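What follows is one chain in structure tokens, specifically the form predicted alone.
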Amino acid sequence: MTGSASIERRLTVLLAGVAALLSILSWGMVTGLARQAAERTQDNVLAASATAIAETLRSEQGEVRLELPYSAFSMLGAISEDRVFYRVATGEALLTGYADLPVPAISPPAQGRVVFDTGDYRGAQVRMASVMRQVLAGGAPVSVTVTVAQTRNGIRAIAGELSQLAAMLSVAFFVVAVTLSAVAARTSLRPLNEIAQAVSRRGPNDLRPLRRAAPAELAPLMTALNRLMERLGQSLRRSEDFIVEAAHRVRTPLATVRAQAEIALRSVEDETEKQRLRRMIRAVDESSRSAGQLLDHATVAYRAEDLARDLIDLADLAAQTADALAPTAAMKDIEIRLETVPATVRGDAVLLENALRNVLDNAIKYSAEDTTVTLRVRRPTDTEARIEVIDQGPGLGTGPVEQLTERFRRGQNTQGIVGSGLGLTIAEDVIRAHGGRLELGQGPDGRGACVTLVFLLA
């Protein structure tokens, strides 16, 4: 059916859509995890830096003293080039650092526990870590709050790089997934294609059940296809049986009518009545011949389904067929000239005799009296054999010779000659069933017709 996308394409597109969705989800998950990991890393470094500063607090002469450790800030510089701010204060009294640096809104619930917060400072977003420690100064404990802050540009840059890398990996995953999806779709549909090829390789009359290993999903299709071919085969057999029976039943009464007409023809004296009886005999002959060739055609169609492959010598076949039609040729003083060489082919003897008999009968029927019909068997090559039937009749006419093999089609120069238009049709069907071909042409010197049956040698 035109306009419908193939199953392979639809399956590939579906799998590609799933791969695209998974790629987007994986990119989003990796990006989120990368951002969380970067933020957690910054929080850990800020906490370590604030704790390191808090551990250097001490009391001297009743006052809180502080020496900022270099390592506290070097840790922050190790992860990015962001600006760093700090503030150390006892209550509202600033010991060192940036006085306007905001303190996390969440007050430290207990000594030594680090709390985090995010805010804006000097036009940039900063992440803050704050820890509280109590120092004995002048005999009384003093609460000191250490706050360390760092801008977040570097963290965003790291998260962006990881997100970009994740996007590239997702695109690569999508491309690989689409390729694998196409391969998977093609592989999955291979059994279906093999079934289609097995059916397409069969001949037009081969209706045997399919016997192939197939996945369980294709079992219903195989069963339905076999049932269809079985019903079709039964229908064809019923049609063939009907044609055979009808032809048989028609020929018997026709023979009786012809015999009675011939008796009446010999007994009447009136010329008008004789002409009527002759036309009747002619019509009976035509009907009888048509019935016989219909029977031959049904036989060809039936036997072609289960074609025999016996070794047959075409020279013997030609001689037997010539002997069978010699009485018919003698009635017109026609000589059947045999020119044969041994040539062995594989085929059905009944069908081959049927085809050759129809061709030779045509040659005798269309030839004038006291002429010669040549029946020749040749081997022009090591792989090919040819049976040529050459007559001295009116030829094949002026129309396309290919149309003469169609059923009930006769040439334009056959007026007045009894025929059904099935002889060449039967011959061509038989030759095709045997893997050969039928060739139609003119006889030598453009006189008469030459019908050639071409076979492959055994």
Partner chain sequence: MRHTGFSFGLNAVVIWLCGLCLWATAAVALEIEDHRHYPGTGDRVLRIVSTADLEVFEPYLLYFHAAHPALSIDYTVVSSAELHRAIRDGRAFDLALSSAMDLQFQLANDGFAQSYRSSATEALPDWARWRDLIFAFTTEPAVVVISTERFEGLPLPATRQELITVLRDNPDWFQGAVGTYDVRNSGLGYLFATQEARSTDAYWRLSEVMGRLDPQLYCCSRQMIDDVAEGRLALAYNVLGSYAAERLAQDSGGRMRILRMQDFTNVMLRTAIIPAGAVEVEAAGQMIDALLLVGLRQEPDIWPLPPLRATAEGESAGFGPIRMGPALMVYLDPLNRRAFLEEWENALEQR
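Because the structure is predicted, anything quoted here is derived from the model rather than measured. Numbering follows the first chain given and starts at 1.
The protein also exists as the form predicted in complex with the partner chain; that form is not presented, and the subsequent description refers to it.
Visitor: Out of 315, 142, 95, 308, which one falls within 4.5 Å of the partner chain in the predicted bound form, going by heavy atoms?
Guide: So the residue touching the partner chain in the predicted bound form, by this definition, is 95.
Visitor: The partner chain isn't shown here, but in the predicted bound form which of 74, 193, 381, 223 has a heavy atom within 4.5 Å of it?
Guide: In short, 74.
Visitor: Is there any non-hydrogen atom of residue 113 lying within 4.5 Å of the partner chain in the predicted bound form?
Guide: No, residue 113 sits far enough from the partner chain in the predicted bound form that none of its heavy atoms falls within 4.5 Å.
Visitor: Indicate whether residue 122 is a 4.5 Å heavy atom neighbour of the partner chain in the predicted bound form.
Guide: Yes, residue 122 is a contact residue.
Visitor: Given that the partner chain is not shown alongside this chain, does residue 86 nevertheless sit within 4.5 Å of it in the predicted bound form, heavy atom to heavy atom?
Guide: The answer is yes: residue 86 has a heavy atom within 4.5 Å of the partner chain.
Visitor: Mark residue 65 yes when one of its heavy atoms lies within 4.5 Å of a heavy atom of the partner chain in the predicted bound form, and no otherwise.
Guide: Because a heavy atom of residue 65 falls inside 4.5 Å of the partner chain in the predicted bound form, the answer is yes.
Visitor: Based on heavy atom distances of 4.5 Å or less, which listed stretch (171-179, 356-364, 147-155, 215-223) is in contact with the partner chain in the predicted bound form?
Guide: Answer to the contact question: 147-155.
Visitor: Can you name the residues of 380-395 that have a heavy atom within 4.5 Å of the partner chain in the predicted bound form?
Guide: The stretch does not touch the partner at all.
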